[in-house]
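Have a look below at one chain only, the form predicted alone, in structure tokens format.
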């Protein structure tokens, strides 16, 4: 069999392909022969195998992306869905066996998360109480001392001293309030974001694993 006979046989074997696809496939093997040269035709034919074998491989590749009629004219058979990975029945048995062990572990995990959440929430509440209580105490002390100073005007030295202390405490309360507000704007948002991310982490891991396992079933 020479090149012309080989290509003619391949053209007949690919007759079920659309014209454009058949032309592309034939062009590829024509160029393959051209690159090898006339002196290597026999070697190329030997390496490629029979035209029927080459055509069967081309048709099999094409059926991966399009429905192509079978050589006998019958309709293509749909591919059966295969389960890649662990057998579903074995997975069910493993799940049933893991329930007695998994439930306590889930309880422990939930308890740890709840404990951590409680500790972090307590820290946040203490910080917020400190942020609110300290400035309010300073402001209240300053107002009280300023009020007492008016009562002590019979003793000018004591009145002035008390008024000065009251104004100083009031000013300190304002400064501490501004400082606390600044610290809250800097540290509380990242703290809350970290707390939310920590709580969501196990659920995101479970969700990601579920999607991954679901994507393996084809």
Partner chain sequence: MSYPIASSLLDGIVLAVVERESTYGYRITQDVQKVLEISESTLYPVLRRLQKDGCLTTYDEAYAGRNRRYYKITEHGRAQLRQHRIDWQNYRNGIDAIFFGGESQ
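Heads up, when I say rigid core I mean the largest set of C-alphas that superpose within 1.5 Å between the two forms. Residue numbers count along the first chain shown, from 1. As the structure is a computational prediction, the values presented were derived from the model and not from experiment.
Although not depicted, the form predicted together with the partner chain is the subject of the following passage.
Although the partner is absent here, residue 47 is a contact residue: one of its heavy atoms lies within 4.5 angstroms of the partner chain in the predicted bound form. A residue is said to contact a partner when one of its heavy atoms sits within 4.5 Å of a partner heavy atom; residue 34 meets this definition for the partner chain in the predicted bound form. A residue is said to contact a partner when one of its heavy atoms sits within 4.5 Å of a partner heavy atom; residue 193 fails this definition for the partner chain in the predicted bound form, lying far away. Residue contact check for residue 53: one or more of its heavy atoms lie within 4.5 Å of the partner chain in the predicted bound form. The stretch among 176-184, 150-158, 163-171, 25-33 whose residues place heavy atoms within 4.5 Å of the partner chain in the predicted bound form is 25-33. Taking the rigid core as fixed, one finds a CA shift for residue 179 smaller than 2 Å between the shown form and the other one. Superposition on the rigid core between the shown form and the other one places the CA atom of residue 56 2 Å or more away from its counterpart. Annotation: Cα of residue 43 displaced by at least 2 Å between the shown form and the other one, core superposition.
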